[in-house]
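Before any questions on binding or motion, here is one chain by itself as structure tokens, the form predicted on its own.
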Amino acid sequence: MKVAIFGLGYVGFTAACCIASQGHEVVGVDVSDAKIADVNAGRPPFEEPGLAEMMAAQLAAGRLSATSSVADAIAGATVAVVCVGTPSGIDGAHDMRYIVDVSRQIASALAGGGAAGPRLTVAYRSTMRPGSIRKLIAPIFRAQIGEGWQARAELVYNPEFLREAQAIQDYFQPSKIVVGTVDGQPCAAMEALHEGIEAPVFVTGYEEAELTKFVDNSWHAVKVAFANEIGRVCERLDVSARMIHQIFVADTKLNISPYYTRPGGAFGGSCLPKDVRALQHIATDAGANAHLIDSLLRSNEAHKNHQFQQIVAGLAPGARVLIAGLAFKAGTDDLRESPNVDIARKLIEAGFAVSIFDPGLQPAKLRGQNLGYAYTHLPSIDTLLVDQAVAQAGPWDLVVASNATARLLDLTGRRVIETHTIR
């Protein structure tokens, strides 16, 4: 079947390549002419392990393309998957302007006869607060198409659970599939889209599907913050955090699993911080007293400051510091709310001579929010990056191993502080 993907960011473009690899015709839609040109020319818009190879294969097979035309994308399509951004607003709530805009465009194209054949299933994967489909998006389709609009469009909420650097594996081997529909009944188009993917399937109403992503990401943030608080206590008491972690995760009946519970780096990236902020807003708006959730971002900032103090302890003024890994995760170029960016900024502001080694990062290829975040928080990024030969040669007074990028270097004999692992 033909599938249109709206938003060619980390979620959308990964989904586009994976869906195309299953034999479907996929057309990506984005407002960035540069991104569209990159995709059609075979240049992936960001770094993700295995994605460039998958993209090349699907382009060669004629199953993947990109366009700025909404009408062309949905013409003859069975499913449209919406993956546009929902960044944090000033009050912490998600900014829904991109969702509103793309919904209007899709509905307008449908009203103008842009899709022939059966009705179009419009599946939203962007994170949004409960009630968004029913109270915000459905009225847009009703206003654009008119009464009986449900005959032209079927609205679905289908949250994604992809981890950067493991996105392809997570797409084909998800922990679960959640599909929210107007009446909590299965959707044939979504069943066809997920055919061949083995995972527990939960079909719910819209609101349950919309809330589940907040719950998951806030729980992951709780685990990271909790683990790091315990790690700090262990350091103060001269107790082995590594041993405490081993004991803790051995209890798989009550303590659940080892994921996100290892004391190490602060949480960051495009999902956890903004979804915690949004859940804070939702809880406040609902009159709930979510004190633990309210403390997560403060605890995370405290951990960043704790690690910065560890790094600068004993460093001479103007010392030469190499940061190995600036992106949120090694193998990607996602700098959004990366704690490593904060560390680099703090070191520069403190007067240290900072260089950065991150082979997956090319500033000229950064797009959208990733581009804005990089230059807002680290405007000198272009002059800070060094290649592997320079990173290996040094000389450095300290190497900060921020993520697995440090494994590309031989750091024998160097003074190294690892901010992403437990001690």
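A residue's number is simply how far along the shown sequence it sits, counting from 1. All of these numbers come straight from a predicted model, not from anything done at the bench.
Below: the form predicted together with a small molecule, not depicted.
Interface residue among Cys271, Ala241, Leu162, Leu296, judged by heavy atoms within 4.5 Å of the small molecule in the predicted complex: Leu162. Proximity to the small molecule in the predicted complex, defined as a heavy atom within 4.5 Å, singles out one entry of Thr181, Thr86, Thr261, Thr121, which is Thr86. Three-residue candidate spot Tyr10, Asp30 and Ser126; every residue lies within 4.5 angstroms of the small molecule in the predicted complex by at least one non-hydrogen atom.
Looking at 99 to 107, 199 to 207, 307 to 315, 230 to 238, the stretch with residues near the small molecule in the predicted complex, meaning non-hydrogen atoms within 4.5 angstroms, turns out to be 99 to 107. For Arg63, no non-hydrogen atom is located within 4.5 Å of the small molecule in the predicted complex, even though that partner is not displayed. Taking non-hydrogen atoms only, Arg336 never approaches the small molecule to within 4.5 angstroms in the predicted complex. The small molecule is not shown here, but in the predicted complex it comes within 4.5 Å of a heavy atom of Lys213.
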